[in-house]
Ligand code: SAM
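Next up: a single chain in structure tokens, the form predicted on its own.
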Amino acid sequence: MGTLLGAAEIREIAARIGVNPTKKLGQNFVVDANTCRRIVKIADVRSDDVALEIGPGLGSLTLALLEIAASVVAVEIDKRLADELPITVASHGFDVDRLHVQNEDALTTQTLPAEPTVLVANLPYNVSVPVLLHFLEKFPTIRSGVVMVQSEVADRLVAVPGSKSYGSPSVKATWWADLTGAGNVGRQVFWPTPNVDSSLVRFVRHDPAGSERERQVTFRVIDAAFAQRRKMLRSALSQLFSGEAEQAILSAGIAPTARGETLLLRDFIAIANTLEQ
């Protein structure tokens, strides 16, 4: 069995390869092995899983995943980190053949070397929602997962209609999955220490709510409804419906005076269907 990374070693690796964590890439590395094992446990990673990790950084979570998963696919934008990861894996006693590193921007990833079954990632704060939605859309073999994100983002992802955190990410994510909060992570387990709190969000995939064409139209309606969230739907959607929004919303069985923040995904789908007609 291999060993996990410690805080001193993480700093040593970063110094050796010339990595100075940047806010631009949202780099805050987890330096606590117990936190990594906790995340893997909450994600319910199994021995036959192909685990997908986005932004593995210096490899803390990667090694914790390799303790259990059959293999790990890691997507890393920083070439220095991508090149170093196999070296770290091998030097800690893990079979490097079980690791597949893809050096590219997660937001543009279209293919992977293996079909992932579980997603486990410490997502960069600045792109966490688009990255999660992108991978749910593109890789239907992902059955479940856990992402660590800024607490404010976690609140948005798991929010329910009527709450102040409810918005476009809350609705869009439910197209593919059920999401729940899975606990908080202290700032002290990161290097450098972030100035925001972090939380875990667990998701379990279900069948998509409709076809890809329906999703595109529904997401246009969602974007319009939340672009000016204080506006009533008849006003917020007026451009989409060329001024005929009120009747279209009524025919979808929804009050034109309602606001987007009170609607469920099925309501947005109903409105999208009238837009298609």
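Since the structure is predicted, the reported quantities are computational estimates derived from the model, not experimental observations. Heads up: residue numbers just count along the shown sequence, starting at 1.
Separately, the form predicted in complex with the named molecule exists; it is not shown, and the next lines address it.
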Quick one: Ala69, Leu99 and Pro116 and the named molecule in the predicted bound form, is every residue within 4.5 Å by at least one heavy atom?
no
Thinking of the named molecule in the predicted bound form, which stretch from 230-238, 211-219, 247-255, 53-61 has heavy atoms inside 4.5 Å of it?
53-61
Taking any heavy atom pair closer than or equal to 4.5 Å as contact, tell me whether Leu200 reaches the named molecule in the predicted bound form.
no
Is Val147 near the named molecule? Define near as a heavy atom within 4.5 Å, in the predicted bound form.
no
Applying a 4.5 Å heavy atom distance criterion, does Pro124 contact the named molecule in the predicted bound form?
yes
Classify Val75 as contacting or not contacting the named molecule in the predicted bound form by the rule of any non-hydrogen atom within 4.5 angstroms, answering yes or no.
yes
The one residue among Leu81, Ala154, Val171, Val185 placing a heavy atom within 4.5 Å of the named molecule in the predicted bound form is Leu81
Just give me the single entry in Glu137, Asp178, Asp95, Glu104 that has a non-hydrogen atom within 4.5 angstroms of the named molecule in the predicted bound form.
Glu104
